[in-house]
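Below you'll find only one chain, the form predicted alone, shown as structure tokens.
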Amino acid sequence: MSHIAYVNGRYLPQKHAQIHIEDRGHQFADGVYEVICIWHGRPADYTAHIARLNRSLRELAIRPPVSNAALAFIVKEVVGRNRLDKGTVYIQINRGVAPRAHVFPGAAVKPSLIVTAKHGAGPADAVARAGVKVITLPDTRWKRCDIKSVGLLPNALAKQAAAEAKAYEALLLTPEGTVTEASVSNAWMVTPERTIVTHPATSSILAGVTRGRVLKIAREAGYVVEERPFTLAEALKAKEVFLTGTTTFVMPVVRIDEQPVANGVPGTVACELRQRYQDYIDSLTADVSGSAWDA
């Protein structure tokens, strides 16, 4: 069955989907996006994803092309038409189609809306059981990482460098050696005292929706959690390091560059948080009221 996409009012096979050549998302990366995990046909943290999408739109002064209720209908329709059980939904909103000029077009230009689906969510459990290697790279992204913009070339370059190094991810570093986040995920460490640390939600990082969920899970489990910057030097001395993200869940890191993290095996905190997050998304099947789609 062909994958079905929604593009500006039409549902059609992805291979037939088209965007205008002068869409500003194509020419200026003038747009924002969200990726939502679908688990047993239901979205994980849909409300938080749509809140972040709307915030990104406000920060870039892009009008929402449809209401929240209409967007939820479209996303559910894309999930249904693709028979998506476990996977992801991708939402992209661009400023719209206008003759190429750096200045924003007038209010008559309607933003573009694209929704697609992809089967398969999260890395294999075997990957998490083994843990992953990451490399370190300078953080060369723009200074508004809190906006989920489609301008992702620095992220793509970092992810490619990690792939070439046979690593899972790249930790991004400021000139002072602070870990901001990774190319497509948030970064965490566990101190020798078992305090969980992650970078605060500033303009230097994209505050992940999964990050927010894991913060809540960790605090409910009784862990001490600090949202503060930490350095690469601290991470190399940490008891554990792990990553979180929509398509990562909770992923233990066992090696940074060529140095093992602690004893070089997944830590108990990361493994527990991964299981608790798995329990959370498994619980989504119990929502028969439809509230999982509220925003």
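Residues carry their position along the shown sequence, with the first being 1. In this text the structure is predicted, and so the values were computed from the model without any measurement.
The same protein also has a form predicted together with a small molecule, omitted here; what follows describes it.
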*Should the three residues 53, 76 and 295 be counted as contacting the small molecule in the predicted complex, with contact defined as a heavy atom within 4.5 Å for each?*
no
Subject >> Contact flag, residue 199 vs the small molecule in the predicted complex, heavy atom cut 4.5 Å >> reply: no
Tell me, yes or no, whether residue 185 is in contact with the small molecule in the predicted complex, where a contact means a heavy atom of each within 4.5 Å. yes
| query | Could you tell me if residue 33 has a non-hydrogen atom within 4.5 Å of the small molecule in the predicted complex? | reply | yes
- Query: Might residue 94 be said to contact the small molecule in the predicted complex, defining contact as any heavy atom within 4.5 Å?
  - Reply: no
Answer key, the small molecule contact in the predicted complex at 4.5 Å (heavy atoms) among 136, 82, 116, 155: the residue is 155
Counting only non-hydrogen atoms, the one stretch of 219-227, 204-212, 104-112, 121-129 within 4.5 angstroms of the small molecule in the predicted complex is 204-212
